[in-house]
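Here's a solo chain for you in structure tokens, the form predicted on its own.
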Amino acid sequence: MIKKLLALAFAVGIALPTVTPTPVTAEVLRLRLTEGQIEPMPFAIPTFQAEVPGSEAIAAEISRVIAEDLVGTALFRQIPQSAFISNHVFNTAPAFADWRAINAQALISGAVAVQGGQVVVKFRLHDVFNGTEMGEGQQLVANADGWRRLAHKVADQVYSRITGESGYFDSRVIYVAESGPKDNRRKVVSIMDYDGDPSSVVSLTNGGSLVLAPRFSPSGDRVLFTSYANGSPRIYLMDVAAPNPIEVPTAPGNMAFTPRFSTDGRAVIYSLEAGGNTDIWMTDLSSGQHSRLTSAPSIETAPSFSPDGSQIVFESDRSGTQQLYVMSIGGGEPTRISFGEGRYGTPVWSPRGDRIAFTKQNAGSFHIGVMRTDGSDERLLSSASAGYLDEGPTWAPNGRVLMFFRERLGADGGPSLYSVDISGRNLRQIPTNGFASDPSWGPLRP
């Protein structure tokens, strides 16, 4: 990934919604890479001030979540409050010398008011190194039970203004929650915040039938998944806000599976088995019109669109082993892009458009990897130890992080969710209540 200095500029201001940002000239701060390792940027975040009596608990929780979001990237390091020399009061000028003395490079301050069923969060970001405030600050408002989202939104803005990239904290993940014995596992399509907070988990199906591979729509309001409700795999669609699954009318065939939305959300691309042959089809959700995209005596499956919708990547055994191919959505001969040792599957295009993530099986081991869209620069990001399998990558909305599931083999084994940076650093387990598999990372929420 990055092989040189990553410039992190505090040059963009944070403005109130009705105020035009005032340009701020700031000296560039840098994260220095040493032998591929990033030295995390130290930041200080005093507990947000309670502007209204009774707001103290939520103010402390919001401060905690913001810090956890930033630290979880491994790009930032929180300075403990026990090291603080002074206590910063929101809306006053920071004593920058005190913050420099403890080596803080960024200072995040804020205030919280909970009243009338709403929570109001105000925050400011300061460049301690340059002794400047970054813009005019910002105020966010939500219902009282939406305080976690406000914390994620603040963290997203801090992350974005320091790295120059969009954040990914105010996003959700669709996955399959699993419970029960391995030979009779109950599987439920569920949704949660990106960090696995248990209070955010909602079940979207009832567990009455086997479900597989849920996939978010580009707007994050709908979900596709494969279900065996009628005995054979078929594709179902439901709204996240009002989950009532309905079967998607596909082209005639025995089995339909591995669905994904088109880039504009108007069509579904999927694999269809008919007459002993499996090809990739697309169905327009409005007109019901079906289009056959591949026609070969091989198994073509797991299609994924490029961000501009002009191409798809999929897996096929047309060369004799499971490999990755790219083709134009308008048709034509697919181009093979995987040529390393082993087999490749479950490809998914990065939202940035520059890379494709995949599962690789080689010499009995399963890995998560990425390559450029022409197959060059292949890198493995995870390597499961003996007795484990890594599968099913999905991209964060900013293309910086991947999530996947790691399955522990054996009679008492099961899958868990993990995330990893595209550099292969910062491998972390995502906490879930029980086993979890098949994640799909949704977009940033509005």
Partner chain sequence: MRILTLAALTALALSTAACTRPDRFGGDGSTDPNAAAGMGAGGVGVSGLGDPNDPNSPAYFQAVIGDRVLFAVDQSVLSPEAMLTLDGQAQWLIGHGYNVVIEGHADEQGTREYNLALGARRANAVFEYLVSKGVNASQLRTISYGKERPVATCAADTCYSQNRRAVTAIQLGM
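Numbering follows the first chain given and starts at 1. All figures in this text were calculated on a predicted structure; none of them were measured in a lab.
Below, we refer to the form predicted in complex with the partner chain, which is not included among the displayed structures.
Next item on the list: Could you tell me which stretch in 244-252, 195-203, 273-281, 89-97 has residues with non-hydrogen atoms within 4.5 Å of the partner chain in the model of the complex?
Entry: Result of the contact check: 273-281.
Notebook entry, point to check: Which residue, Arg343, His290, Arg77, Arg149, has a heavy atom that falls within 4.5 Å of the partner chain in the model of the complex?
Noted result: If I apply the 4.5 Å criterion carefully, the residue I get is Arg343.
Next item on the list: Using heavy atoms only and a 4.5 Å cut-off, determine which of Lys122, Arg355, Arg215, His126 is in contact with the partner chain in the model of the complex.
Entry: None of the others qualify; the residue that does is Arg215.
Notebook entry, point to check: Are Tyr228, Glu315 and Ala363 jointly within 4.5 Å of the partner chain in the model of the complex, each by at least one heavy atom?
Noted result: Looking in the model of the complex, the three residues Tyr228, Glu315 and Ala363 all sit within 4.5 Å of the partner chain (heavy atoms).
Margin query: in the model of the complex, does Glu391 come within 4.5 Å of the partner chain, counting heavy atoms only?
Written below: Yes - in the model of the complex, heavy atoms of Glu391 and the partner chain come within 4.5 Å of each other.
Check: Do Ser298 and the partner chain share at least one heavy atom pair within 4.5 Å in the model of the complex?
Finding: Ser298: contacts the partner chain in the model of the complex.
Next item on the list: Spell out, yes or no, whether the shortest heavy atom distance between Arg185 and the partner chain in the model of the complex is within 4.5 Å.
Entry: Taking the distances in the model of the complex, the answer for Arg185 is yes, it comes within 4.5 Å of the partner chain.
Next item on the list: Evaluate Gln157 for contact with the partner chain in the model of the complex, applying a 4.5 angstroms cut-off between non-hydrogen atoms, and reply yes or no.
Entry: Although the partner chain is absent here, Gln157 would stay clear of it in the model of the complex, with no heavy atoms inside 4.5 Å.
Item checked: Residues within 4.5 Å of the partner chain in the model of the complex, restricted to 42-78 and counted by heavy atom -> Nothing in this stretch is in contact.
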